[in-house]
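Just one chain follows, in the form predicted alone, and it is written as structure tokens.
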């Protein structure tokens, strides 16, 4: 804050206060990401060789893919985003993280819930609601863990020295409120003793999926990008007015989307969803303009570092959001429904948008928090190229295959089996992309594990050194027996 270096001292204190909570959140998130990708790869292999897991009920497509999707969202995206939020709130508030032990407890509760929920799905105990497959006991654990992190984040904001609110504050604090509201409401309605009957369940499920995959990821990912892009580019965030406009329109119009055009519900629901999707183009364009003006002219070399991750993530957000919005257009939904297209868009939002931005943020935060360089910086660069290339190979074939599959399904002269089999050749290419993403995430996991082990080893050495020094000092002050006799 001044030439005497108070800013660096304050930053070091802030980073030190976030060290243990972030290691707990990031380490578990990276592990769940690798396991989720491995389960997704096992699930899609059933299309290449149907009898591969014939004797393993827990690796059938219905169970393995549901568990993989939940691991990507609940296991990786949400805890990693929460860790980044805590660090950003502390840095913007110019104070150490408030109640640092609370996020550590919350991280353990969250990871325990993800473990129990994943095992429940694999062994056939899913609730049957997409993106809400975890049973009620697990939902309680996740909600409790999330609220504990939210308490720490809110307390940090309450103690802030800098009273100004930045665009990152708007998006990230809204993300905290949005998840608590949407996840808690959906669980109260669907995972309860007396759930509603009929099509109401499906409507609530569509509403939850839209709020998690589109609105919440957009709030969290955009807030993180709006913090790191100007910091790394070395220039202020461009057009804060556009950022505010994009924020307000996103939270207002984004929640209208989610009801498919073919849903067996009153006609006004799909119509409102279609209009909401059309109006949701406005915040997507506004966010894209802010990001483009911010990075335009930035003289930052893009060689696989955090800047590359975040720029790729923002680009993926714009493209995947426009594709997602296009699914609710009545003209295109007739072709794209019940195909691989929706699955490809969802994976692009999870891995191409949220995954890349979070990986870039983690690589930017970890060296600061741990007060040291990454153990394998070349693996971090390899992570970017593997994941970016893997996302393209994974998603684009699914989109193209979904369009062809939908066009074949609309032709009454083509049997259903033939129309479904048309996408198999595209699945082979997408499986290659999944493998590349898995290899890239292994680089992230290895960096986090090694940094954690180095930190713990350093703690052990420090404790041993302090213990030895205390023994030496104690023996130095204690009089020897010969000295006692001489004095007598």
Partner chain sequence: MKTGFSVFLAAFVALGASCFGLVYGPLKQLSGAKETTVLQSDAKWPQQRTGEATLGEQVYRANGCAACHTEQVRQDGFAIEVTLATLGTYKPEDFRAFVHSLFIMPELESVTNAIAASLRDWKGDLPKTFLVTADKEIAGKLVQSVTVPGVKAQLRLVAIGPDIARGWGPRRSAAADYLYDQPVQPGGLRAGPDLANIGVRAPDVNWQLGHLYAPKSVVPGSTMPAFRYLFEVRKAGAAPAPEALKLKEGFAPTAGFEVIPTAEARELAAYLLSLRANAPLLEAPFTPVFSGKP
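Numbering follows the first chain given and starts at 1. Worth saying up front: this structure is predicted, and the values here are computed from it rather than measured.
Form predicted together with its partner chain: not shown, discussed below.
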{"query": "Output flag, 317, 346 and 431 jointly within 4.5 Å of its partner chain in the predicted bound form, heavy atom basis", "finding": "no"}
{"query": "Residue 146: touches its partner chain in the predicted bound form, heavy atom cutoff 4.5 angstroms", "finding": "no"}
{"query": "4.5 Å heavy atom contact, residue 373 to its partner chain in the predicted bound form", "finding": "no"}
{"query": "Exercise: residue 301 in contact with its partner chain in the predicted bound form, heavy atom 4.5 Å", "finding": "no"}
{"query": "Non-hydrogen atom contact residue 389 with its partner chain in the predicted bound form at 4.5 angstroms", "finding": "no"}
{"query": "Its partner chain in the predicted bound form: contacting segment from 101-109, 306-314, 192-200, 365-373, heavy atom within 4.5 Å", "finding": "192-200"}
{"query": "The single option of 214, 242, 384, 178 touching its partner chain in the predicted bound form, heavy atom within 4.5 Å", "finding": "178"}
{"query": "Heavy atom within 4.5 Å of its partner chain in the predicted bound form - the one residue of 93, 187, 126, 294 that qualifies", "finding": "126"}
{"query": "Contacts with its partner chain in the predicted bound form, stretch 148-181 (heavy atom within 4.5 Å)", "finding": "160, 163, 164, 165, 170, 173, 174, 177, 178, 181"}
